[in-house]
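First, one chain by itself in structure tokens, the form predicted alone.
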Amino acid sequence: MIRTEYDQLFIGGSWEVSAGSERIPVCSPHTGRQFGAVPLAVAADVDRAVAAARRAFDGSDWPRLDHQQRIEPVRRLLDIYRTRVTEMTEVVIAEMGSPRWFAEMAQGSGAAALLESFLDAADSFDWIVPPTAHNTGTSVRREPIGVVGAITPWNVPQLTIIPKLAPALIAGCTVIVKAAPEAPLDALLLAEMIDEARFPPGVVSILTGGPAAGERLVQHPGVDKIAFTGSSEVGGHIAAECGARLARCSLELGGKSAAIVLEDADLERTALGLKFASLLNSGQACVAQSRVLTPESRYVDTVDALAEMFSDLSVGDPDDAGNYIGPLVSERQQQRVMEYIDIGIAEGAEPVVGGAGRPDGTAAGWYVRPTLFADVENSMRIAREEIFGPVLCVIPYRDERDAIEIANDSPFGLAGSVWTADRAHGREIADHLRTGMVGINGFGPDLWSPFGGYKQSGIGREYGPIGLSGYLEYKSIYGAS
């Protein structure tokens, strides 16, 4: 049984009652019914968490410890996390409707793997930059950036908390996590693990709250950096708020990624690969390959291959491992995706599979019909705006130069993919794409490589040594030797 009720927040390493009285209802996306509740953090709770984090950073040994000493409680956390991976997986399935096949791969074990990757990166990280022939008398150190506010989304909650929390802690920062109200249970389960791992007082706080708590954290003068994952609209607002007080920020934002199918691609294998790359987590993924670009000469065959794949998708209870597509996280998200499907039809796109309305056999819950659109132009809203659901657009191109131009003609630049029998040529195409990540014949992030994007897809990178660097400042000490 998973825990579904919490009465306290985790503030500065202690479980404390919220200063407010409101609670966040936790509802099942499969049934629409409430099955739990957690406290709604208010501004006073944020203030308490920041005050605890400031005391720990400014007045304790934590930021000045050798990194190996800071690694010890993080390693304890990993050991505890591994014992509770199944529990974490079940929590995320219940609270946000992640399909079991994806949740078992990513929502629990994937987060544990990320945590382990940061521990490995710390072992080989250059904490002190060695002198060069030009600065033999100067010492260059990397030091923690300070108090970090981590604001995370609901779609892959642990996969977005861990790449902020782990590197920040290893770097010597103190951290306040503000979890999304749609997925609060996993954050408080993580808080239980952090409590058991015995971090020093004040080093970690976990708050469950809405936009007001997030806004207070962003504007708080005691916070040195905001690390945010979410929509580009909110990310732009956070960037402006941080810029006004010259606070650091890193932003992992939206995407509208293009999958370029080349002339020589095996369409059956491509359709199978896009089943994952485009529809992972029911399409609720920033890296989803939601625009498929295919040669005009193979357009009909590509649409047919994708239509066959879509027609075989099983939709239903996310707890059933046989279902590939689950519900969307909330009624609001369901309505948003349904509106985009209506917009696509109004714009003249053809719903080859799916379309308006609920899927058959889903009288309750927040389900939408997986929809494949043909006759899509790149100027349409469904091709330019992030839908965040199981909706795919197929767009024809004349030649490879045209494909690259269409792929890059987007306000986003997070991810992309190239599908071809010639991997070397696929790499040549990838070099022309203005995105932070590109897959060849698939898409799956490497935990050691930078994760992030260009343009409206964000600022900064997560994962690996680069992700660790994002929580450090440089200090030059002249005449050190």
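All residue numbers are counted from 1 along the displayed sequence. Computed from a prediction, not measured in an experiment: that's the story for all the values here.
Below: the form predicted together with nicotinamide-adenine-dinucleotide (NAD), not depicted.
A residue is said to contact a partner when one of its heavy atoms sits within 4.5 Å of a partner heavy atom; residue 178 meets this definition for nicotinamide-adenine-dinucleotide (NAD) in the predicted complex.
In the predicted complex, nicotinamide-adenine-dinucleotide (NAD) sits beyond 4.5 Å of every heavy atom of residue 271. Proximity of residue 234 to nicotinamide-adenine-dinucleotide (NAD) in the predicted complex falls within the 4.5 Å heavy atom cutoff. Remark: residue 243 does not count among the residues lining nicotinamide-adenine-dinucleotide (NAD) in the predicted complex, judged by a heavy atom distance of 4.5 Å or less. You can rule out all but one of 190-198, 139-147, 316-324, 245-253: in the predicted complex, only 245-253 has residues with a heavy atom within 4.5 Å of nicotinamide-adenine-dinucleotide (NAD).
Using a 4.5 angstroms heavy atom cutoff to nicotinamide-adenine-dinucleotide (NAD) in the predicted complex, all of 151, 230 and 414 count as contacting.
Checked against nicotinamide-adenine-dinucleotide (NAD) in the predicted complex, the candidates 73, 131, 210, 222 yield a single residue with a heavy atom inside 4.5 Å, and that residue is 210. Between the options 214, 344, 390, 99, the residue in contact with nicotinamide-adenine-dinucleotide (NAD) in the predicted complex by a heavy atom within 4.5 angstroms is 214. Residue 286 is the sole member of 280-304 found to place a heavy atom within 4.5 Å of nicotinamide-adenine-dinucleotide (NAD) in the predicted complex.
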